[in-house]
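Heads up, the chain below is alone and in the form predicted on its own; it's given as structure tokens.
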């Protein structure tokens, strides 16, 4: 029986695997290799790796893991995890079954961006989701925030840190209170509530936004608030407690309410972390697993 199975090969799952491997545990990392940030050209905010391509980050991470013979990497999807009297049975898409004492869920999130004509041409190149990740590159440029939920007010204030030339487009939705509208107006942040017809530009570079009422504005980049959801239903099927926002409830060491099941990374808060934060969570969760295994063995 394996000591632990890690499901998900993003920064959190990769770092959890590294810590567990170095703790001499027999583990398998399952990585379907379908990351949420597949459209992203650069990752930022990770010291010594600032500006690295996500694919290169992953290649280097797996290169590090190959040094440990007690770790196996499987490029396949886990379709089910069942709790048994002792440990867990892990079922893969190819029909393989593995037995493990512990399971770490690091499957991340999926994001649905608004269905606006042209938006996919710019997302990941001049339109992004996280100002901490990409705000520096867009600083002082004429930016747009495309958002249709009340959290847009906080996001607009955040983006304002990098550029004072900001327009908020709600795509036909009335999402701000009168007080919020006044505060945004006091900072010269324009709100456009008309429905967006299309985003326009060339080779991934946004140039302008056209609205269905015929109005058009020039913007050279910005941010989109995506709808986020769990990438898999594994946590729900195992009976893990979910937070009101859809994240997985855990303690500091990633333990869920299901004994032996841990969760780490974006899926715990249902919000995207920077790479360095997700990796850190993976390390802490792995330490929790090691401590729990040692406690059981003693």
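Positions refer to the first chain, counted from 1. Everything quoted here is computed from the prediction, not taken from an experiment.
Note that the form predicted together with a small molecule isn't included here; everything after this is about it.
Would residue 34 count as a contact of the small molecule in the predicted complex, using a 4.5 angstroms cut-off between non-hydrogen atoms?
Looking in the predicted complex, residue contacts with the small molecule include residue 34, since a heavy atom lies within 4.5 Å.
Quick one: does residue 156 come within 4.5 Å of the small molecule in the predicted complex, counting heavy atoms only?
Residue 156: no, not in contact with the small molecule in the predicted complex.
Would you classify residue 58 as touching the small molecule in the predicted complex, given a 4.5 Å non-hydrogen atom cut-off?
Yes, residue 58 is a contact residue.
Residue 9: touches the small molecule in the predicted complex, heavy atom cutoff 4.5 angstroms
Although the small molecule is absent here, residue 9 would touch it in the predicted complex, with heavy atoms inside 4.5 Å.
Stretch from 211-219, 76-84, 173-181, 188-196 whose residues place a heavy atom within 4.5 Å of the small molecule in the predicted complex
This holds for exactly one stretch, 76-84.
Flagged pair residue 270/residue 283: C-alpha distance shifts by 3 angstroms or more in the predicted complex. Which direction, closer or farther?
Note: Cα gap between residue 270 and residue 283 shrinks in the predicted complex.
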